[in-house]
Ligand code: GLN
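One chain follows as structure tokens, the form predicted on its own.
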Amino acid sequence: MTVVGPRFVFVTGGVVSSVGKGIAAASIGALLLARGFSARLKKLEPYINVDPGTINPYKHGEVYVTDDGGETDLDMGHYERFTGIPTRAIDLLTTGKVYSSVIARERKGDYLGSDIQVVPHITDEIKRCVLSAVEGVDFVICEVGGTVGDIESLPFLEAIRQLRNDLGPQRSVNVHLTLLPYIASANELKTKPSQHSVRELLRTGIQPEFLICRSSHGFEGETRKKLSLFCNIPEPHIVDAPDENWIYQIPLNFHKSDLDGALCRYFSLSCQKVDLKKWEELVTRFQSSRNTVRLGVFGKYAHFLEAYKSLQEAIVHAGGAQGTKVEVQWVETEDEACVQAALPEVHAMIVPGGFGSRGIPGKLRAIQYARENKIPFLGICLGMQLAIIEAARHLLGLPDASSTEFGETPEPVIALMTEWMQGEQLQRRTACGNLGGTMRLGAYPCVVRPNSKLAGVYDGKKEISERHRHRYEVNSTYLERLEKVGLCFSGWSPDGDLPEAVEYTDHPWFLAVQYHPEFKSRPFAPHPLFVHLVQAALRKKKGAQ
């Protein structure tokens, strides 16, 4: 039988949340790419928010930004890092997006007087979005957020149940991810939670064809047989997924369990021999570090590192590429005593992005210390804005210099920009607009000043493209005075209105950028800003010895 259109792999999760569905979906994508297929990855997220842009990072982790300006789930970052395939705003579908679309169409009369129901109207909208914008690819890997049994997940599960009937087994497969808890007193992995999770999935009408089991210990033998018997899944389709220190080991583990081969056989596909040499070399590099440096990250979410997931991975990429283990010291900037204690201990510093006034004095203290003591420094988004404020206060002699984001100030060196150009289109925003609408989001070009540190980082490129997520900009009325005290604005928007990067000419390595370079770092292509920061940290460590 000739199959027309992409094949769909639906990934669900059970037993507990945060079981690793995003990494599993990304790993499946990486393996299918390694076998010569093309793929896209999508996320179905049950929360009612339209997107995660206004969710507290403590609740849901970082907001990952796509090139086209989508504020998306952090799992989209895993998809890009594992596959190298850029995600799009439309690749994240939330309950809020679904209901907004259906209600808008109902108001226009598109349903011809029907009373709007979850089935078929909500589920039809979910199916439409899953099937849209996937032309020309061999596989679509679609992760369903949440945990099987959650009330809010039910419309999405019903939609993929229907899609199974619409597409048929030749074009769809269900992969379920569960947890096998280890009971130390019995020295045993328990399968009962996974059995119940599969039964809960069966209640929605979905029989998974594959079962991936997370555990602290690997399993074989009787455990596999028991899972096969009670979950009604063939033994070769049950994948052992033990915990790993390095997430980039997981595609290799899945391949060792023959997950990619079994998927190909399920779809009756002939495929080229898989080549995972680059993955093997990557893991070897990461695990055989020759050097060690300490990097201080001064932020306000230091107790919840999911808020800095892409930053974490970018640091790992940069260190691994140079055979260097980067020991990250996460410093909570609300605790100024903690900040002060950490400053002499690190070889380099990062002040990452963020919103709001919490922890600002601690971040400013870290920036001042890095400037005065010649510590390699990278400021990201808010980190750049605070570098400007620190310079204005301590070099320009403006103690009240601040950002209008933090309240009224007589010296607004950072302020809300009301309009800017995106390509040939003028964008406008107001302080009273909705939160997403007031931000500069997505990929924007940046013109690089020749012979600057920034130009050296980007190998002399005249123009780069980076992803943004911020509301406030450098107030242009202060630029000339800031340059006179040693700041060099080395990156600009193409129209010359918006500073994108700043550095000190008399500092060994001090760079701050308005954009988020961490969103474009990949394990096989580390972002050069982090690579150069690690190199500067190594030089600082060597010089201090």
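Just so it is clear, the structure is predicted and the values come from calculations on it, not from any experiment. Residue numbers run from 1 along the displayed sequence.
There is another form of the same protein, the form predicted together with ligand GLN; it is not shown, and what comes next is about it.
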#### Entry: The unique member of Arg224, His121, His255, His470 whose heavy atoms fall within 4.5 Å of ligand GLN in the predicted complex
His470
### Proximity to ligand GLN in the predicted complex, single hit among Glu466, Glu405, Asp91, Glu71 (heavy atom within 4.5 Å)
Glu405
### Query
For the chain seen here without its partner, which of 349 to 357, 200 to 208, 370 to 378, 93 to 101 has a heavy atom within 4.5 Å of ligand GLN in the predicted complex?
349 to 357
### Message
At 4.5 Å between heavy atoms, is Asn174 in contact with ligand GLN in the predicted complex?
### Response
no
### Query
Is Ser153 close enough to touch ligand GLN in the predicted complex, meaning at least one heavy atom pair within 4.5 Å?
no
### Query
How about Gln385: is it within 4.5 Å of ligand GLN in the predicted complex, going by heavy atoms?
yes
### Query
Might His516 be said to contact ligand GLN in the predicted complex, defining contact as any heavy atom within 4.5 Å?
yes
